[in-house]
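The data below hold one chain only, encoded as structure tokens and taken in the form predicted on its own.
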């Protein structure tokens, strides 16, 4: 019952993910951070099979760091998204990763951006995106209340509305969520929304 969603506001992008590690009917952890900081100005929220999610996100993070180390400049958000799409497309014909990505980033030239990348290597630049069972409710809430010129506080309020809707509508809903933001000051954790302790 995973859920990852994100949106772009005025000068920032935000990613929210549940923090449950679940297998069948068992909850193994309730503090699994599914949003990886790729570099100083990029966040990658991932959903999917736990092993594929961990392996692919770490692989991407290390390759983005390697590119910056070799060339002295970081990849743009668009370049990182296209790198991920290429890797997923290559793996699709060999041993596919069952992982869906919401990539948020901030570039000095273009500002904030959000990319939707699914397990079959579909890539779209979007204003709002969601994966998992919670996407039915979070996309509905964002369709109704999202505006491109939202402030951070308004976006956090909308994220909280999405979380409340997911918790109240899903039969087996994730209890804890983490919210991260990227803007001109960099990528950082904003807050956690908890109903259960670790």
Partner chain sequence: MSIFEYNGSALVAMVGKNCFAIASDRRLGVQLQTIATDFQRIFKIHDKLFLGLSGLGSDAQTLHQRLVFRHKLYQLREERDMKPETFASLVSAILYEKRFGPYFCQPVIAGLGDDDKPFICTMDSIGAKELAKDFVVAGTASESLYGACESMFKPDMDHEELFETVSQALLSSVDRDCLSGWGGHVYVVTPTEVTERILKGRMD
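Positions refer to the first chain, counted from 1. None of the values given here were measured: they were computed from a predicted structure.
Missing here is the form predicted together with the partner chain; even so, the following discussion is about that form.
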query	finding
Option from 161 to 169, 43 to 51, 131 to 139, 144 to 152 whose residues, in the predicted complex, bring a heavy atom within 4.5 Å of the partner chain	131 to 139
Residue 107: touches the partner chain in the predicted complex, heavy atom cutoff 4.5 angstroms	no
Proximity of residue 118 to the partner chain in the predicted complex, heavy atoms at 4.5 Å	yes
Proximity of residue 82 to the partner chain in the predicted complex, heavy atoms at 4.5 Å	yes
Close approach of residue 95 to the partner chain in the predicted complex, 4.5 Å, heavy atom	no
